[in-house]
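One chain comes next, on its own, written as structure tokens: the form predicted on its own.
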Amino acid sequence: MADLQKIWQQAYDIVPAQLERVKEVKCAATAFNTNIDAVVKISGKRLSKLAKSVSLSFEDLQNKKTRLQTPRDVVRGIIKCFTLGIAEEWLCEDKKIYEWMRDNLRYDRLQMGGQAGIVANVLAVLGVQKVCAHTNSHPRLQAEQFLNMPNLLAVDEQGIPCCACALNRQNDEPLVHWIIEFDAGDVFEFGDGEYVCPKANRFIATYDTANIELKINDGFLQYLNRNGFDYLILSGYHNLTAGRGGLERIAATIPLINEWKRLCPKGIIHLELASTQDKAVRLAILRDLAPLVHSVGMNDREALDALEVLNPQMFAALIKKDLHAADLWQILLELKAKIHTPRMQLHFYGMYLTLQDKNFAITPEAEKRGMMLAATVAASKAGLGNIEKSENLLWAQGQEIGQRAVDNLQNLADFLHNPEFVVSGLTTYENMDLIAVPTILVDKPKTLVGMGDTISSVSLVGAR
């Protein structure tokens, strides 16, 4: 196994040259959700105090609802993600609960939030010649979360672009989301029991009057229709709810996607799923939107969520299992068959998998290079806490490929009865290309916010 780690270590030697190739990309755009993240690291000890402060009971923990309607719901959501080591995002529509979070959770720092904003910063620092970010709200506080880079743009409501960090729509209300992070191995005491967090992750509590309704900046549409794109990264649908017109908002964007495809026939449109709690919205995203785009990205939890609404029987058989790479491969294969998206990527701890049609615009070899670049950039982000400077991007270059990562790949190669796959990461399956890479693992990440968005966008845009 040590030899296998060395083989992949050498394969990663191409990453610096691959990063240089990103500068060939002329234009990328990101939409629709940009906001401000208020990040706070919560300890098991503090979580125990919060549970006591809201008089949380064991009965409360049996509540399956994922809406933030009381302070108890906020604490309940954190506990769920802490004890399971998973990431979820729950929505709050009550300003009083927002005020409770502001006064009781507080934050350690502010940073860029929302897939569109996070990806825009990442692609700009990677060297894409021009990156245009969609914003629903762009006051000074939001502008300060954009990197001060001349290639990073936002547009006003008339479609006029300017440097994103300089645009100040003074009458806009800041949109703030709480990112509550926790560490693997930390202990939460509740009642007479102790619960150990199995994996570092986060719980997101969202109060956002614009993005939860997927409001769209007309100026951004004007700009995109005039200028086109090489890549368009879409997300933000996960904030919608059926009760607030979410299904109608999804339907309203279908003509936009079709028009973008007509105007930019060579452009690639990617949809990032994210944690979507409303099942009706989740199904509409997968059934109505995903088949229209060229590429879909998700993590292991989001893949399971997708399976829940597309194949409930398979979901029920897998939900209680400790999923290995072979299980996740079968989920990916099933989702690809149900959705028919040309390219689909699943990223999970220690491994990335991409399954794409044979005639996809990006070759398997280029995909592999992009995925290794993404793994390096993601590890750098985890290790340093940010990749806001170009010199931070390759901080993880040369670090050891994780043992668990190699084990994942071996598990999948054994399942496929393909010993060569564990070395190359490339194979074909039923007239599709499968690409897999084991990743660099960071034991104690400083942040996990935006990790999936970074992986998906860099894998795609970096595949040159």
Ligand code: GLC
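Throughout, we count residues from 1 along the sequence that is shown. Treat the numbers as computed from the prediction; the structure is a model and nothing was measured.
A second form of this protein, the form predicted together with the named molecule, is not displayed here; the remarks below concern that form.
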Should the three residues 114, 177 and 239 be counted as contacting the named molecule in the model of the complex, with contact defined as a heavy atom within 4.5 Å for each?
yes
Among 316 to 324, 283 to 291, 198 to 206, 247 to 255, which stretch sits within 4.5 Å of the named molecule in the model of the complex, heavy atoms only?
198 to 206
If you check 78, 118, 306, 393 against the named molecule in the model of the complex, which one has a heavy atom within 4.5 Å?
118
Interface membership of residue 30, the named molecule in the model of the complex, 4.5 Å heavy atom rule:
no
With heavy atoms only and a cut-off of 4.5 Å, decide whether residue 35 touches the named molecule in the model of the complex.
yes
Does residue 440 reach the named molecule in the model of the complex, with heavy atoms at most 4.5 Å apart?
no
Test of understanding: in the model of the complex, would residue 89 fall inside 4.5 Å of the named molecule by heavy atoms?
yes
